[in-house]
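Only one chain comes next, encoded as structure tokens, the form predicted alone.
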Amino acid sequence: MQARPDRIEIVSDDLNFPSDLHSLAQSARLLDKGHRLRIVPSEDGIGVPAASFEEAVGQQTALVCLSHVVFKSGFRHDLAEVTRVAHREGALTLWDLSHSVGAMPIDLHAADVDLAVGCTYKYLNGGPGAPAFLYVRRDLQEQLANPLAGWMGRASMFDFDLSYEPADGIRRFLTGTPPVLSLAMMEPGLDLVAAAGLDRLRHKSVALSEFFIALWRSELEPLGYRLQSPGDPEQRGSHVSLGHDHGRSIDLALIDELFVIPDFRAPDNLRIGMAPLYTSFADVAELASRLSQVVVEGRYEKYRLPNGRSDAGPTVT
């Protein structure tokens, strides 16, 4: 907001990751000058078309912040088009790449993206404790300040002077000591992604999800599973979400009895992640078989909540 001091609005959507929205809302409250977070609603709970931002973004908008791929449905925003809409009104863009990086090519330069963040423990294979990352467009690096000033971001980090002068370039956005062991562990995962090639990984990702959706249509839809991801692969990331009236119970039965660990998101969403680097078509076929088995055999019944309470429950990962 300090980069656009005459503007008071941050725009996002109701499909963004909750912690992103919490951070944005808290930032607006801390500024306490009429700043606000404006949420663009999704009409179908799956995606938000770029046209919706044409209406929401205006002269009061300082920042548009969205998840490139939506964490629940797998909907993929048009990176370049939404960025164009924001820039037309003079706003900056901040993209969360956590659910897309490593599974598809992402050309931030071609899309003229201003800022991006993301995690490395998903498709980049970083594992627990993997570091996050930050992208700042080069021409903005000297214009933007780090609100969490730390010694690693100082121009002369080892003189330990009490005054703060930011370093040049991207290093000014560092704060404390980086997690050296976690960074070192990232290298093999990144090497594998680079060797495979993001174009090839995206091709396999689409093929895997299309195969799974075909199995859903023939085997799982008759059992009450609903597709809650975009049908068009161009609008989809590398995970597919299915809904079911007994989603929570199915999830628990899969974990406890059938050795499948999906990701449950209330109220009914089973999120199936397909990492193209190592997920096989045989894995996907076996997954569909076990999703069928848990319903056909009624295995989910023992996990249902008593007294007719809703089967929706907390997140299980």
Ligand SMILES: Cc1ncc(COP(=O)(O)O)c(C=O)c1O
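Numbering starts at 1 and follows the sequence shown. Keep in mind the model is a prediction, meaning the values are calculated, not measured.
Form predicted together with the named molecule: not shown, discussed below.
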One stretch from 285 to 293, 25 to 33, 65 to 73, 47 to 55 that, in the predicted bound form, holds residues within 4.5 Å of the named molecule by heavy atom | 65 to 73
Check each of Tyr121, Trp216, Phe173, Trp151 and return the one that places a heavy atom within 4.5 angstroms of the named molecule in the predicted bound form.
-> Tyr121
Is there any non-hydrogen atom of Arg236 lying within 4.5 Å of the named molecule in the predicted bound form?
-> no
Indicate whether the named molecule has at least one heavy atom within 4.5 Å of a heavy atom of Asp96 in the predicted bound form.
-> yes
Please run the contact check for Phe17 against the named molecule in the predicted bound form: heavy atoms, 4.5 angstroms, yes or no?
-> yes
